[in-house]
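Listed next as structure tokens is one chain, alone, in the form predicted alone.
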Amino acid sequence: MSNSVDNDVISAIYRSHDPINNFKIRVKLERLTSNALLPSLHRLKIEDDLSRLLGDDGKKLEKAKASRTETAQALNETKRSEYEETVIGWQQKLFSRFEFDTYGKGVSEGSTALERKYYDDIQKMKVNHKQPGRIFTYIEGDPHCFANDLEYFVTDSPNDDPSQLALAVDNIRRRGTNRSRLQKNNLINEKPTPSELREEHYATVPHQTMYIMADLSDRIEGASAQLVVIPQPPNEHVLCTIRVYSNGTLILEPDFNNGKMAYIVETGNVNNEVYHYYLEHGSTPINMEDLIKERKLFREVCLRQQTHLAQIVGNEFDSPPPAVLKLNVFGEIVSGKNFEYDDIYVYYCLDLPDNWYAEPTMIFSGYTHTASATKSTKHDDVVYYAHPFEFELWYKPSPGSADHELPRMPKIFFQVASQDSWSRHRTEGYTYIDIPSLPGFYDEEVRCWRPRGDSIFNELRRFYIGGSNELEDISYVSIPKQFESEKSNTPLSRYGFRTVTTGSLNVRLNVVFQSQSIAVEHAKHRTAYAANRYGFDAFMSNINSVIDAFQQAKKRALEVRESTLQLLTPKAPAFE
């Protein structure tokens, strides 16, 4: 099929929960070139001359010569065939001229049920004096539809025949187009029956296909049976392909015109005629009364669903006490990469600063499983864990703390180690991450390091017999506990501590805050600015005023200092 430049043939995807039997499409086909009229008249003259030459001398011909009236009827039929419009429903069978002649010949003992059905339909058409037009369809079950919809060819060669296995798999894929919704419980069937295997183990989503075709062969179908017609092979072209999937998806190729230019198709025969056609949505629109009933029904269904969910969830949520912040952390150790040895596991633990509390039953530390590295596309040795962890913490400020005091956030320490087949353990790296002070989702990649030692023997021992330098206090990764407890102005110095950079860890965190102060602030200020403010507004409510007061006090102190220096500085004696 060839199409115009301004209206490319594209497919469209629609989704609907309405019955597919209500779907209808209107097809308008019109011939642009009318040069087939003259060849048809010339053919009539040739047929007349041949009939005279082939007849016996002095005897009347078996088939009478076509009269002028019959010729005029044939010409009118040709003129009417220049434009054709029809409305087609889903899986509605319209016969082509070739099918009308083939299936209308009769049935035999070896005929299939489909051939017998088509024969009965054609006989009814003949009784009602109906003839097939240029527009016809191939529906599910037709040999042409089955051959073109098969998706399991090994190559793209037109001579490639599908194997028996491909045909069987395609048959399984087509089953269950009207399947019911999946059940919510017992999703995994440990012992499926053979029938369940055939129904459930399909390669793709089950669907049905329908083709809207056009027979553009050059011949005249007159109403009179006395008109001689030269038979020609069918010249079929696909106008539209419709696929309907079991999940309510409808794929239309090409899409409706919707005010665009018409699609163009050429016959490709000797006359090389050009046709254009339009595709329009022809389904019956819903009236206002039914629309109101449908919307009312949807609202009732949604209300029942909300009521059911409310009964399951409930409305009694545990709220923290006043002036207390509740912090929930849902994390995941996703992966690690570029470590020296294989078979790696991760140890993690939570460090709580002052004024942070947790339930006694909460688990503060844990280990991941031991995983082997795999080669990725970026040439990195990646170790995948997907290990989840969860913390539920409470923050209550001390009585002497100011309202604007920002609490210190907890830290999560990580220690990466490896174990080989000889049970030799090696430390691969240390790192940590601060729990963010704003709620939300975080995807962090943290770098790791490990102690190196002062001698080459440490590395030799690590390589041959396993074991390596470790930290006695894992909090030394950030700020040691001992240093925080000492009230002195001594700076933290790690001079002389030798480390080696190793790999990195990918950690994901979902942080949730909950407090009554946040709820009160959110209720008071329902603007966009207040909606984007987070959990520490209650603790930082006076931070701006404190900073302003500090700046003003600093400015006054500088002014007093300058004035005092001017008073204390002796004035130089004046010489005349």
Partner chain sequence: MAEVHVIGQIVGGSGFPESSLFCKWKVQMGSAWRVLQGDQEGQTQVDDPSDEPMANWCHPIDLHFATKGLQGWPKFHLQVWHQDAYGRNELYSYGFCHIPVSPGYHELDCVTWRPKGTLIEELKTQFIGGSSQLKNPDLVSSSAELYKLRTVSMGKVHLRLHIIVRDFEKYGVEF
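Numbering follows the first chain given and starts at 1. Model, not experiment: these values are computed from the prediction.
As for the form predicted in complex with its partner chain, it is not shown, yet the points below apply to it.
- None of I135, I242, A371, V265 but one reaches within 4.5 angstroms of its partner chain in the predicted bound form through a heavy atom, and that residue is A371.
- With the partner omitted here, the residue from V382, A417, I433, L279 that has a non-hydrogen atom within 4.5 angstroms of its partner chain in the predicted bound form is V382.
- This chain is displayed without its partner chain, yet in the predicted bound form the stretch 314 to 322 from 125 to 133, 95 to 103, 314 to 322, 474 to 482 comes within 4.5 Å of it by heavy atoms.
- Annotated contacts: I13, Q91 and G141 are all free of its partner chain in the predicted bound form [non-hydrogen atom within 4.5 angstroms].
- Put simply, K28 is far from its partner chain in the predicted bound form: not one heavy atom of it is within 4.5 Å.
- Using a 4.5 angstroms threshold between heavy atoms, A386 counts as touching its partner chain in the predicted bound form.
- Among residues of the shown chain, G496 is not one whose heavy atoms approach its partner chain to within 4.5 Å in the predicted bound form.
- By the criterion of a heavy atom within 4.5 Å, P407 is excluded from the residues contacting its partner chain in the predicted bound form.
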